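Next comes just one chain, in structure tokens: the form predicted on its own.
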Amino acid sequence: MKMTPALLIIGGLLVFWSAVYVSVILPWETMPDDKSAAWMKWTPDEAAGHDLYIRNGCSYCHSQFVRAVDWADAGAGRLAERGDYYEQEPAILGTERVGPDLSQEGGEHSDDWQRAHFINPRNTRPMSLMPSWEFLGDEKIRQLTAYVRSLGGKTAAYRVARQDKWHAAATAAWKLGVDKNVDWLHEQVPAVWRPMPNPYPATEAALQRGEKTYQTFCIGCHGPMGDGQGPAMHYLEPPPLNFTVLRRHLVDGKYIGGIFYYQVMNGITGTGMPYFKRELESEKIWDVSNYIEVRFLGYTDATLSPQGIPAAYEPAWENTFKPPSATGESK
């Protein structure tokens, strides 16, 4: 066969279109286009939020799909499925994880938290690299929040409903006044945790570790003085807890180490307090509990009875802090 320009052009086109058919057209024709069991149709606000998400380049830092490695290493709730992205035009999966993956973000945080976060991410995450989106204005932030609420489909809808239910209960308790609100918050902690003292001594090193954790995760809402006057306070209802009022709730025979641990670990659903059980290991939660108690209450229940066998590396330490009186006065 003699190679001619015409044969070269025709042969090249045949190879090109064969490759296009095999790699693009054939998969498109044979791939089923079905929604997954978790899929839900967007509302107009959610669709508008999706458009804002695309136009503002959110996918440059956030992905929206759970990989097999995420399932194995991070304990993700479910692997992403093709049908999760049904009718999304375009489907923005993202390839970067500068920020957390958002595929299951719906209901993970309260709407108040999301609004405070979009206005200035340092309000809720003091170490965040995310830029402020306050320039979008209230209406667009509301739409973006609506879109984030939808991420996760039906599983997100379940979490959102749970957030809404407990938001109503938490707000009602807050409106009853400070003391009744604290009583309500303590009642939501399982009984086994309430009398549990902090098992770690409040040594200088432990308090420094706790301070670092507080500054990294807590100061945006609870403020540098622990009075709930952090920058996020203006956007949260009910507002962040003022730790100093807890002195009136720490009488003889009562502990708060276990209560703090449980609330930091699981968050307080329906409020701006998120859970940290996937970010903070056990010792850091106990350390920040000690720091809050010593720094803002002048008291810690660390190593008081009942206590177990201390860890081998723990230094000798005597708890010189005394619980306050029933009125919150130091003894």
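We number the residues from 1 along the sequence you see. Here the structure is a predicted model, which means the values were calculated and not measured.
The same protein also has a form predicted in complex with a small molecule, omitted here; what follows describes it.
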- Message: Can you tell me whether Val192 touches the small molecule? I mean in the predicted complex, with a 4.5 angstroms heavy atom cut-off.
- Response: no
- Can any non-hydrogen atom of Leu93 be found within 4.5 angstroms of the small molecule in the predicted complex? no
- With the partner left out of view, is Gly83 within 4.5 angstroms of the small molecule in the predicted complex by any non-hydrogen atom? no
- Using the partner position in the predicted complex, report whether Arg159 sits within 4.5 Å of the small molecule, counting heavy atoms only. no
- Message: Counting heavy atoms only and using a 4.5 Å cut-off, do His109, Leu129 and Val148 all touch the small molecule in the predicted complex?
- Response: yes
- Looking at Leu236, Ile119, Leu250, Leu207, which is the one with a non-hydrogen atom within 4.5 Å of the small molecule in the predicted complex? Leu236
- Contacting member of Pro231, Gly226, Pro197, Gly99, with respect to the small molecule in the predicted complex [4.5 Å, heavy atom]: Gly99
